[in-house]
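The chain below stands alone and is given as structure tokens, in the form predicted alone.
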């Protein structure tokens, strides 16, 4: 096991211990152990092999033994026994928003509940409200949480679909009978949440390709297998469908199975208006539905299909029937942003709050992957659960960032860390730091982390007042949503966008795949108002730098171009843009 996997096991042990009512200090020891392991700079396997775990602060003898067993064998008897002693339904109950280990244990102790189904029944019978520490409001929220889970039960995050799809695509590309292959469906359109994964392949030997697909290591179950299509369940529970067509049909199948349904309806109607028929098999010179190859209009690419229907090419991300046809009829669509246009992220965390890397480690990691800058915006003091910084610690961090940058400069390196904060927007729009401290920072991201139950008017007012502060450069994760976990809080997004337009404040596209917030559907309005986007990783560890790629995909879905995004700027131009807000001048260079 690597350190991330070991950390996950230790964290789950802590939860299991809480569910069993064990001494809280014991649970805390495992949480601290997980954090210590995740923060290691040296390879965990090497430390175990050299019997040096004792050098890691926070790891007692018992934890060292268990970590060693996990690393050496990939298993831990203590963990397996502990997990077997807890009803699996309790772990499922923990997935309901607002239910932590202590509350789940209380429900189990007082009502004997061991499943989500039993919990729902108890709520509907009013039994949960009578348990100490719950009440009517909590009971209602639990029912709402269960309903939310049911609604999204067959949905998956885009990143999960991508991680499952990429090795399959790699395998298909390498198969000798595959001519062309592509990812289709909502994944290709960069939807933030998807239902299943669609692959399209062209081949002269479809049965060979379908057999190969069904036998891939990541396939857990074959649902159906035909002459041109196979459906399977991949590891992680995602359904994947493979369709194999002749190469002459490939462009049409790819366009059709990319969708969306609404986009395809318009495309088919345009074909009918021209005396043609469009389906997944081709574009045909016919007034009736057909698959006759003799009637097919030859199109080897999707571009040619659009041209035959009197349109400029529409990128997959925009195929939602949300205005793309009005533009494509008249002129080429603007060139959408590419993730390689991005030069860094302006919202990230370090070990100073709840991140995993030191400032120096982060600087060298981001330099290595080709970034020009990286802002350190750790949490402010009110986010105590995230080890937020008080003013003294923040000023100490500013000094440390300066030291790292001086070292980089002495080495002849142009990369720079930027000082910053993700400052909490408190009640009525007050900020967690005073303006004097905010003025010392390069970058200020203002975010709401509490008070989600306020009214739409109250939450909107908080965001607008934060935008009016000249020291705030951008608003972070505008609606606070967590995809498939928590709905967005109620906020008048257009009113906030209007305020940002008036004040020159940017809005973040938080590229964390659990957020993708602000939603892609809002960016057209923001663009119309001249509000610029910042695609941020909200990184807490090195791997999160890869979120830049995901965020760019969502930005493309929102129709954003390079000119709409702040963090495509070179460092010098970025500094000018950052200074622009504080002088109340237009921050757009």
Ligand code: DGT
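Residue numbers count along the first chain shown, from 1. Note that the coordinates shown come from a computational prediction; the quantities given were computed from them, not determined experimentally.
One more form of this protein exists, namely the form predicted in complex with 2'-deoxyguanosine-5'-triphosphate; it is left out here, but the text below deals with it.
Tell me, please, which stretch of 361 to 369, 205 to 213, 401 to 409, 259 to 267 lies within 4.5 angstroms of 2'-deoxyguanosine-5'-triphosphate in the model of the complex when heavy atoms are compared? Result for this chain: 259 to 267.
In the model of the complex, is there a heavy atom of 2'-deoxyguanosine-5'-triphosphate that lies within 4.5 Å of any heavy atom of residue 186, even though the partner is absent here? It does: once 2'-deoxyguanosine-5'-triphosphate is placed as it appears in the model of the complex, residue 186 has a heavy atom within 4.5 Å of it.
Even though 2'-deoxyguanosine-5'-triphosphate is not shown here, does residue 97 get within 4.5 Å of it in the model of the complex, heavy atoms only? Flag for residue 97 set to no.
So in the model of the complex, does residue 517 come within 4.5 Å of 2'-deoxyguanosine-5'-triphosphate, heavy atom to heavy atom? Residue 517: no, not in contact with 2'-deoxyguanosine-5'-triphosphate in the model of the complex.
Is there a heavy atom of residue 438 no more than 4.5 Å from a heavy atom of 2'-deoxyguanosine-5'-triphosphate in the model of the complex? Although 2'-deoxyguanosine-5'-triphosphate is absent here, residue 438 would stay clear of it in the model of the complex, with no heavy atoms inside 4.5 Å.
Considering 2'-deoxyguanosine-5'-triphosphate in the model of the complex, which of 249, 378, 424, 198 comes within 4.5 Å of it through any heavy atom? It is 198.
Within 4.5 Å of 2'-deoxyguanosine-5'-triphosphate in the model of the complex, heavy atoms considered, which of 194, 431, 309, 76? By the 4.5 Å criterion, the partner-contacting residue is 194.
Any residue of 1 to 37 that, in the model of the complex, places a heavy atom within 4.5 Å of 2'-deoxyguanosine-5'-triphosphate: If the 4.5 Å heavy-atom criterion is applied to 2'-deoxyguanosine-5'-triphosphate in the model of the complex, 1 to 37 yields nothing.
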